[in-house]
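In structure tokens, the next block holds one chain alone, the form predicted on its own.
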């Protein structure tokens, strides 16, 4: 038995030394140390050895197993070192490396960060809200009850509520980040200054200046003695910081159910510099921020007393702001995955 074990060791070590790759080495390991390996079977047969010799034979078998395992590990290290050195010898270290492509922020994200930074300097806090919204917060809190004609202007996406305990039409994709007005004011006592950046959805005809999916930054301020002039001053300051102090701005009266009075904010089209183009529909001006004084009905709906506090609200069209800032003539460029376009920002 002793001679058999020594013979197995000698053969195993010679095979290990002759192995030229890890695959061959693994085959040698299985041949001697696997379940049906020669050394494994020999160790199982130690039970047949006379009792007085079993201890010595067992120690010898364990020593041989250790020697074989160490020989395999050393051979693995040798092969690994050889492969590494061979690869290094084929690499010309004098050749300049290939710089990895590094991503950067999308222009929408860049402008969003700028908008948030500007509003933080004048005391506004940023809030976030759900894109899947309830009809109550998207419309009813904002003084737009069911069957109100203003709902027709927003072309709402309604979610399927079959097999639920919800009534049809209760859950929608929000059409405006103004839906966060009710959510914030219900939980916060005035004074407050809040902006809400986010994505909105409307079933609109897609063209150079409209899309069914668009970004908006809702903003509102509620306190004692808030006036329309405070709104004009805030809008002028913010747009001056974002678009430049020389940017021309004008206001026009308009109507929204959740503000009274309501105004539309226009800036001179940066694409055509006021001359008229397809983006501004040949008017020379682009609407960028509808706004107004928060309607007393909205204040009452959230538990505020309109005799004690007042406020203003506005909504910056982020998608349009980005295109105007970078003088793009088509809103759809923002969602184009072409890297030749995105790498310009």
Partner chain sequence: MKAPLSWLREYVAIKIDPKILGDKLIEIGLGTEKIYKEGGETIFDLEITPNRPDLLSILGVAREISAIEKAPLKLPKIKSDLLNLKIKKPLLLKIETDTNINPRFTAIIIKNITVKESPKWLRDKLIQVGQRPINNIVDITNFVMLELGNPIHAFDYDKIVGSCMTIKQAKGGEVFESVDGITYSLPKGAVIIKDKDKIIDLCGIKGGKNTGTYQETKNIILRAPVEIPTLIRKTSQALGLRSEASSIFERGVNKGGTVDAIRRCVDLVLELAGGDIASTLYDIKKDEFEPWSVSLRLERLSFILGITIPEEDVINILTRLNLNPKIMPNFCNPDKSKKSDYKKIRMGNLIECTIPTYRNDLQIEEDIIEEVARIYGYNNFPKTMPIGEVPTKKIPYFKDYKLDEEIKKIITSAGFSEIYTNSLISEDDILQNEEDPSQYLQINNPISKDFKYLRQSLKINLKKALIQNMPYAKHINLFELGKIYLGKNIKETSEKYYLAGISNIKSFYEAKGVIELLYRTLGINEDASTAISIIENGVYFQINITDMLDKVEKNKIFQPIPKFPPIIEDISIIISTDIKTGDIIESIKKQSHLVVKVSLLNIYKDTRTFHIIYQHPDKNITSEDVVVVRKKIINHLKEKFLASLK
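Residue numbers count along the first chain shown, from 1. Computed from a predicted structure; not experimentally measured.
Only in words, not in the display: the form predicted in complex with its partner chain, which the text now covers.
Interface residue remark: residue 175 is not counted as part of the site for its partner chain in the predicted complex, having no heavy atom within 4.5 Å.
Not displayed here, its partner chain is kept clear of residue 269 by more than 4.5 Å at the level of heavy atoms in the predicted complex. With a 4.5 Å cutoff on heavy atoms, residue 73 does not count as touching its partner chain in the predicted complex; it lies far away. For residue 203, a non-hydrogen atom is located within 4.5 Å of its partner chain in the predicted complex, even though that partner is not displayed. Per the 4.5 Å heavy atom criterion, its partner chain in the predicted complex is contacted by stretch 300 to 308, the sole one of 26 to 34, 300 to 308, 44 to 52, 60 to 68. Using a 4.5 angstroms heavy atom cutoff to its partner chain in the predicted complex, all of 128, 194 and 254 count as contacting. The partner is not shown here, but in the predicted complex the stretch 219 to 239 reaches within 4.5 angstroms of its partner chain through a heavy atom at 221, 223, 224, 225, 226, 227, 228, 229, 230, 232, 233, 234, 236, 237.
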